[in-house]
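We begin with a single chain expressed as structure tokens, specifically the form predicted on its own.
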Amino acid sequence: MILARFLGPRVWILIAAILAAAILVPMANLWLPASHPLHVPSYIVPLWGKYVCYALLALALDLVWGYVGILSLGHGAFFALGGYAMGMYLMRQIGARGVYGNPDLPDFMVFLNWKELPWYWYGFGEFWFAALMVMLVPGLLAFVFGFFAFRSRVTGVYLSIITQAMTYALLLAFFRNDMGFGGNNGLTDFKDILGFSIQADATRAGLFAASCIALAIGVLLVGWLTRSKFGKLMIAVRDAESRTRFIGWRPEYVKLFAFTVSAVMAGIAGALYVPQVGIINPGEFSPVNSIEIVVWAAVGGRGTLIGPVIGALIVNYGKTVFTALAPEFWLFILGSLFVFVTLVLPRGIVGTIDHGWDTLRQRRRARDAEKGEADDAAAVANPAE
């Protein structure tokens, strides 16, 4: 009961909706016949699962941008690293079923005439190790990067530029064949995950449900963090970093913690994304992808918790529609959307709605106060006999 009041009804409604989708969508896909009007086609399930992963990624960015004021243009790197960690596990599960039939080496290594598995691929034959790396690798990169950046008091546009430089450097590195990650083709042709066929409808439904559960946990975690005393400290760093430092706090530690947690969330989103789309390649490191994440959060409303989730779902659904109807115009539409939101809806969809409700409540309180003062004045002018 205390936790319910602490997070507020809106957060719990969002969590309930996400968990309901985790149950209803797989049921509608697996149990209802194709002729049923509520049946969800099999190709829709991984598509919606991809949207859910993007929503978790947008939520991760909102933790640092909306509540700490760090505009990261490199969150696509954390997402891609989590995806590569999962992709390496999935590649190891192929075994001798690859094109070249090598039980130890992935096909691209056989093609490049590699003789043995690189040391950094060891352990990825086990799911628990891959799951650990999904969180550890993005988190460690964010910790090291953030430690030096925040300790040096790099802020604002300079921090945004170096985060984008980081993801671009990783893009160039992963494109190289000698890195051992598949070069420009990346990792693909996955067969199984935890022993289940990755193409089976039941597996896809399970991955969708897992993505929804991860998103619900992410909303709960970010909601708890931002509404706690630490959340108030994050907002203080965002709004008045110098004053926060003056009264004795270390803003760089606050930023570092939030940045690391955000990176881990992004890595988990990437790990859930890869088995549903069936591929991970260096294109996921593209700076354009990181900019798109910012657009999702901005459209929904940064610093509102549920805004980035809604923004990610709306923008990516629009992307699916417009890239099918007019693919050559999608980037123009995306850019125009960002400009429109910046100029007309700077608070985003949810933030604008909240501001509107707050304005109405303030006006109603003002009218009630004026009415009360008028009634008091009338009572004083015309006392009852």
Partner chain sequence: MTEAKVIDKVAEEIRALSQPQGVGSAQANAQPSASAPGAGRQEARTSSPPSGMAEPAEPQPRETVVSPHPYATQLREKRLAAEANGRARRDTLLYLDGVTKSFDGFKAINNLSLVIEKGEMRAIIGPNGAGKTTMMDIITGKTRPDKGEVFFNGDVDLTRHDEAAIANMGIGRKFQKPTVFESHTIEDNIRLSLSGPRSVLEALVHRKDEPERARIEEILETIRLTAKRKTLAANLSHGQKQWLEIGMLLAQDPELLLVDEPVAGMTDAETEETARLLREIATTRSVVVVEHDMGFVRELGVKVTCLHEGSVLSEGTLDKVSADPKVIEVYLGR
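All values reported here derive from a predicted model rather than from experimental measurement. Residue numbers count along the first chain shown, from 1.
The protein also exists as the form predicted in complex with its partner chain; that form is not presented, and the subsequent description refers to it.
A.B. asks: Go through T155, N102, Q93, T244 and name the one with a heavy atom inside 4.5 Å of its partner chain in the predicted bound form.
C.D. replies: Contact check passes for T244.
A.B. asks: Considering F257, F127, W114, F175, which brings a non-hydrogen atom within 4.5 Å of its partner chain in the predicted bound form?
C.D. replies: Exactly one residue meets the criterion: F257.
A.B. asks: Determine whether any heavy atom of S228 comes within 4.5 Å of a heavy atom of its partner chain in the predicted bound form, and answer yes or no.
C.D. replies: Because a heavy atom of S228 falls inside 4.5 Å of its partner chain in the predicted bound form, the answer is yes.
A.B. asks: Although the partner isn't part of this model, could you tell me whether Y168 comes within 4.5 Å of its partner chain in the predicted bound form, counting any heavy atom of the residue?
C.D. replies: Outside the cut-off, so no.
A.B. asks: Given that the partner is absent here, does R238 sit within 4.5 Å of its partner chain in the predicted bound form, heavy atoms only?
C.D. replies: Yes, contact at 4.5 Å.
A.B. asks: So, F143 and its partner chain: in the predicted bound form, are they within 4.5 Å at any heavy atom pair?
C.D. replies: Contact with its partner chain, no.
A.B. asks: In the predicted bound form, which of the stretches 212 to 220, 272 to 280, 229 to 237, 192 to 200 has residues with heavy atoms within 4.5 Å of its partner chain?
C.D. replies: Selected stretch: 229 to 237.
A.B. asks: Of 112 to 139, which residues get within 4.5 Å of its partner chain in the predicted bound form if you count heavy atoms?
C.D. replies: Contacts from 112 to 139: none.
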